[in-house]
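This document starts with one chain, in the form predicted on its own, laid out as structure tokens.
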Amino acid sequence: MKVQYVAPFAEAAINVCQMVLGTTPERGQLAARPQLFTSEQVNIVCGIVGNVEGLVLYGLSGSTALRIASAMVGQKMVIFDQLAASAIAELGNMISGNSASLLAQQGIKCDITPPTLIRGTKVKISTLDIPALVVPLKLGDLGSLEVNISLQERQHHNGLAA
């Protein structure tokens, strides 16, 4: 996977967190995984379609998800209910949408699918052997967010898009 696909997601995540959460994330060390995998409890999955295709998974702990949702809705949340789920899904949607805009500025046209929220641990999502690059972000007192990017150039067959 090309690093040029990863930078827009890291940049968008930092910008959205600054704007929505009022915190400047600290970017951790980029890591590679042979497939999309997370051990986090709350995960937002957004599909990417267009010149590049694949999935982006945003993983965070349950307590981090509650703190982020609380910051987004402006009230302390103690239960991960529908409102909290909606706020967390919207965070993934905002980051992915901003990333798509940044990719478009590079001439890479793509769209995002609506976010899907998956709760549980040791989540493994098949990406048909597309490796994933992981950008960990520390969000100060809120916790940390793991951005897993698994994208590839859209495959063409006989001059037609697959």
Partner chain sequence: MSKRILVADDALFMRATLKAILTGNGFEVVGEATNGQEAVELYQSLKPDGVTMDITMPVMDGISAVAKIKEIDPNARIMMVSAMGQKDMVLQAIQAGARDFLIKPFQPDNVVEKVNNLIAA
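Given the structure is predicted, the values throughout are model-derived calculations rather than measurements. Residue numbers count along the first chain shown, from 1.
Just so you know, the form predicted in complex with the partner chain exists too; it's not on screen, but the next bit is about it.
Inset, instruction - Select, from the options 131 to 139, 66 to 74, 53 to 61, 29 to 37, the stretch whose residues sit within 4.5 angstroms of the partner chain in the model of the complex by heavy atom distance. - result: In short, 66 to 74.
Legend entry - Non-hydrogen atom contact residue 113 with the partner chain in the model of the complex at 4.5 angstroms: Yes, contact at 4.5 Å.
Legend entry - Any non-hydrogen atom of residue 119 within 4.5 angstroms of the partner chain in the model of the complex: No, no contact at 4.5 Å.
Inset, instruction - Spell out, yes or no, whether the shortest heavy atom distance between residue 101 and the partner chain in the model of the complex is within 4.5 Å. - result: Because a heavy atom of residue 101 falls inside 4.5 Å of the partner chain in the model of the complex, the answer is yes.
Legend entry - Proximity of residue 93 to the partner chain in the model of the complex, heavy atoms at 4.5 Å: Although the partner chain is absent here, residue 93 would touch it in the model of the complex, with heavy atoms inside 4.5 Å.
Inset, instruction - Check, residue by residue, if 16, 19 and 97 all come within 4.5 Å of the partner chain in the model of the complex, counting heavy atoms only. - result: Yes, because 16, 19 and 97 each have a heavy atom that approaches the partner chain to within 4.5 Å in the model of the complex.
Legend entry - Heavy atom within 4.5 Å of the partner chain in the model of the complex - qualifying residues of 72 to 86: If the 4.5 Å heavy-atom criterion is applied to the partner chain in the model of the complex, 72 to 86 yields 72, 73, 82, 83, 86.
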